[in-house]
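Starting off, we have a lone chain in the form predicted on its own, written out as structure tokens.
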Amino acid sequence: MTIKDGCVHVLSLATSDLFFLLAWLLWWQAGHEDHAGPDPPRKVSAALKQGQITPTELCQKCLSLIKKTKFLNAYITVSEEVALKQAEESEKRYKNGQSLGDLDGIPVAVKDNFSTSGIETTCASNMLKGYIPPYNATVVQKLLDQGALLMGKTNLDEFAMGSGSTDGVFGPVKNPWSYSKQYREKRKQNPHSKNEDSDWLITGGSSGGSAAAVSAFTCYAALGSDTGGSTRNPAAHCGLVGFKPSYGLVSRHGLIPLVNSMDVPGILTRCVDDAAIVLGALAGPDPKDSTTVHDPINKPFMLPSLADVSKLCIGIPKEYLVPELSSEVQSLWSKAADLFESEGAKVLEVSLPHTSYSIVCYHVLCTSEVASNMARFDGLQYGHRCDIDVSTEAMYAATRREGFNDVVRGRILSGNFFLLKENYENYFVKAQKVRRLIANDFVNAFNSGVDVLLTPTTLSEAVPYLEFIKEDNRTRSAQDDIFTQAVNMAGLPAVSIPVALSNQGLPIGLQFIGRAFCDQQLLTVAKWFEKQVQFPGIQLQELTDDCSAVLENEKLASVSLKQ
């Protein structure tokens, strides 16, 4: 199979690196501390089918860790009873030899802007506190149909508007790497380091709760959403794989919309193969979402192990070398390009000439669609409703004032300004034209022979919360989305891969961007790169008092990342 085979389709795997519990036990008993992998995952999958381990045991372990890591604030709602019932049903299927597939019995988490039947869905906003949807989002239903265990709903910026997971009504999310052995040891070497308890790190956003949930081993995969980088950004800050599929490949039905023309369900996992497995379960047409692909996707597909990259052409966008980019990220970006070149790949500098306009263009289009989408929250049909009954207009105004935070209200005001009759042509229409130019930049780059683009994901490593909040949400989002939002405007697939630890012992990620609907090709290249860089798993001995439980799951993570 060549790298270009199956370019228009996505994949599913017959065996899963999610199933590695027994393999870890053998590996741990052997005393291995390096990054080499354990027994093949096929043996672990067989162990599940043979009843040597059970979905209930996996579920209980994750529930225990959710409780012990509650201070991370990763979850808004923990669906313990639902998860245990699902685990019980999964166990019965395994005993009867009727497993539903690779995800059967696997604990997952879902960002709290996806509708979940019978489970509160808040978008981390007062506006939707207490709202319980009567249906599941399509992606949630597809996970449940595969036998996945829903551990709970994860925290986020209010209505997914932010890049730090700091602006939700339930409070900010703490990055598990704040408590990692790698980061703590580096801080001890710094005589000027501040109080450890107050100097914790942000997760990135807006899918920070999902990223923290996977990073802290409370689940094996999580759904995020990605409108301008909201899956890839926290993945980079939390040492995870964060995948944004091509627009239209995965259904948006049930994802409470932020920007309809850019929103995509995202996937957060510990390795590329795991992301591919989840994508294989989610991808495909949905009659409830007219923007999804119409042709059925044949399954199963396989993600090939790429042995030779000599036929690849890797593009390096010169406009992404910005002054704000940290020297460490720039160095790793350069080394990654050198790695491909040393293995025979062609590395080519390319130009995306309209990059400098992309942030402004994104802001105009994003806020305009936000203003339109937020109009539905009026206090009449669902969600928060104020007590004022003087008039309908007064009720509308008070409800929205009480229900939305300053960030959401600010974006609504901006969007309504751009959509005013006298401004529409000068702002919204012009931004749509610039969006087309930005999309054409990518088309031209790929038409020049480039297979995949390689860029930074973020400007730097994760920063402390107290430093992050010195700047307002809009400024931070503009900075943090600089490498990610253009992909959403172009509808392309992109994935952030953890590369190495910074001098502070924190993860740094790089981003791969592929052609539209060439998700399989993109993930195949990412898998090869992941294998080469051998990113070290997070060490969380100090995360809870029960060090043994954390150590156990820390080894699970490192095994999953290494093939």
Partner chain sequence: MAAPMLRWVGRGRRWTFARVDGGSCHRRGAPTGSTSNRIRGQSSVAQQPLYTTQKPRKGEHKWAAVVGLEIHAQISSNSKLFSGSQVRFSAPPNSLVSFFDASLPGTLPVLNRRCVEAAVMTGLALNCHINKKSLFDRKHYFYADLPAGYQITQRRLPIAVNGSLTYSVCAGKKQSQVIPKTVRIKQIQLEQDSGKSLHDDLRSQTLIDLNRAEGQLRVDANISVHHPGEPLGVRTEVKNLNSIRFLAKAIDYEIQRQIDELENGGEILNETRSFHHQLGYTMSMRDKEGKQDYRWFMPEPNLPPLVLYDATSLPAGADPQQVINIDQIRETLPELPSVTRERLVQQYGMLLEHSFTLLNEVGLLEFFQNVIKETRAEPKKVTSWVLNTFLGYLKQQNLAVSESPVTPSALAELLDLLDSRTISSAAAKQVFEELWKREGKTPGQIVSEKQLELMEDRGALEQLCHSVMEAHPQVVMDLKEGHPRAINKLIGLVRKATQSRADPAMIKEILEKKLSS
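Numbering follows the first chain given and starts at 1. Just so it is clear, the structure is predicted and the values come from calculations on it, not from any experiment.
We do not show the form predicted together with its partner chain, though everything after this point is about it.
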Candidate site 382, 396 and 419: all three near its partner chain in the predicted bound form by heavy atom within 4.5 Å:
yes
Select, from the options 145 to 153, 462 to 470, 259 to 267, 478 to 486, the stretch whose residues sit within 4.5 angstroms of its partner chain in the predicted bound form by heavy atom distance.
259 to 267
Report whether the minimum heavy atom distance between residue 170 and its partner chain in the predicted bound form is within 4.5 Å.
no
Using a 4.5 Å heavy atom cut-off, state whether residue 190 contacts its partner chain in the predicted bound form.
no
Partner contact for residue 287 in the predicted bound form: its partner chain, 4.5 angstroms, heavy atom:
yes
According to a 4.5 angstroms non-hydrogen atom cut-off, is residue 368 in contact with its partner chain in the predicted bound form?
yes
Exactly one of 73, 405, 178, 115 has a non-hydrogen atom within 4.5 Å of its partner chain in the predicted bound form; which residue is it?
115
Of the options 280, 101, 491, 254, which one has a non-hydrogen atom that comes within 4.5 Å of its partner chain in the predicted bound form?
254
In the predicted bound form: members of 338 to 363 within 4.5 Å of its partner chain, any heavy atom
none
